[in-house]
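This document opens with one chain alone, in structure tokens, the form predicted on its own.
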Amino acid sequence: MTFDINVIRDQLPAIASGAGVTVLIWVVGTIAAAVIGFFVAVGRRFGGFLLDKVLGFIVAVLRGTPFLIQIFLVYYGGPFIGLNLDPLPAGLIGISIYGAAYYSEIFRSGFLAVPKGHIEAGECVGLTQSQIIRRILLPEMTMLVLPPSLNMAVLLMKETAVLSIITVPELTATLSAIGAQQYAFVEALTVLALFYWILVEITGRLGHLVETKLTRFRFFNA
């Protein structure tokens, strides 16, 4: 048995297409998850006791069940309630909702980490809740939530591989098919591992760069 790189070279267009779908799902899904998670955190922080409990229950269910089961329910369970989705939209919705549960907890922790005195000072000068969020909470918590947000983005990137189970044409599905057709599983899985590793490294370096710039901006304006 030999490592035949020609198998990969002959399939480069299909591999590039699969990689593009993976990156698309990851970027769009992460942005959507962060936005939804932020509004869930705001709702729990400022929406009152009942909304906090309802949203907290939904978040607990999403965090307490495997992503594989959730994506199965979205794709195969959707038609039972009239929701017929193609694999790609189902994957995007699934990963967005799954990630939103975790992002909501990251943002909620960030809100709680801001000293109460800063919020009370804003209230004393007559700021509304939306102004307190924009002018006090968001700037102060951004630095606090950046590292866990980056980790969550990396986790979502690797979870995109699960979407191959509902036939989303992303990289894992593409390389699995190539491996099965060419009997070249080692070559296919090696490329898959390298792709994710390189993407994680790039994401980590970009995150570190953003963190460094935000730190400089923060102390420059202090």
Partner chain sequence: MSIKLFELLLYASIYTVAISVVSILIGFAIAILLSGMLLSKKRLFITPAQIFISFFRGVPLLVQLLLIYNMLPAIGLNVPSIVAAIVGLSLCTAAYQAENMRGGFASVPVGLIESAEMVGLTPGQIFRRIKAPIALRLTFPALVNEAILILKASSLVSVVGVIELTRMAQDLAGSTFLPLQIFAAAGLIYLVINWIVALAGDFIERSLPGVPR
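As the structure is a prediction and not an experimental result, all values here were calculated from the model. Numbering follows the first chain given and starts at 1.
One more form of this protein, predicted together with the partner chain, exists but is not displayed; see below.
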property: Non-hydrogen atom within 4.5 Å of the partner chain in the predicted bound form for each of Ala34, Ser109 and Glu123; result: no
property: In the predicted bound form, Phe39 touching the partner chain (heavy atom, 4.5 Å); result: no
property: Any non-hydrogen atom of Asp10 within 4.5 angstroms of the partner chain in the predicted bound form; result: no
property: Contact test in the predicted bound form: Gly48 vs the partner chain, heavy atoms, 4.5 Å; result: no
property: In the predicted bound form, Ile178 touching the partner chain (heavy atom, 4.5 Å); result: no
property: Any residue of 43-68 that, in the predicted bound form, places a heavy atom within 4.5 Å of the partner chain; result: Ala60, Val61, Arg63, Gly64, Thr65, Pro66, Leu68
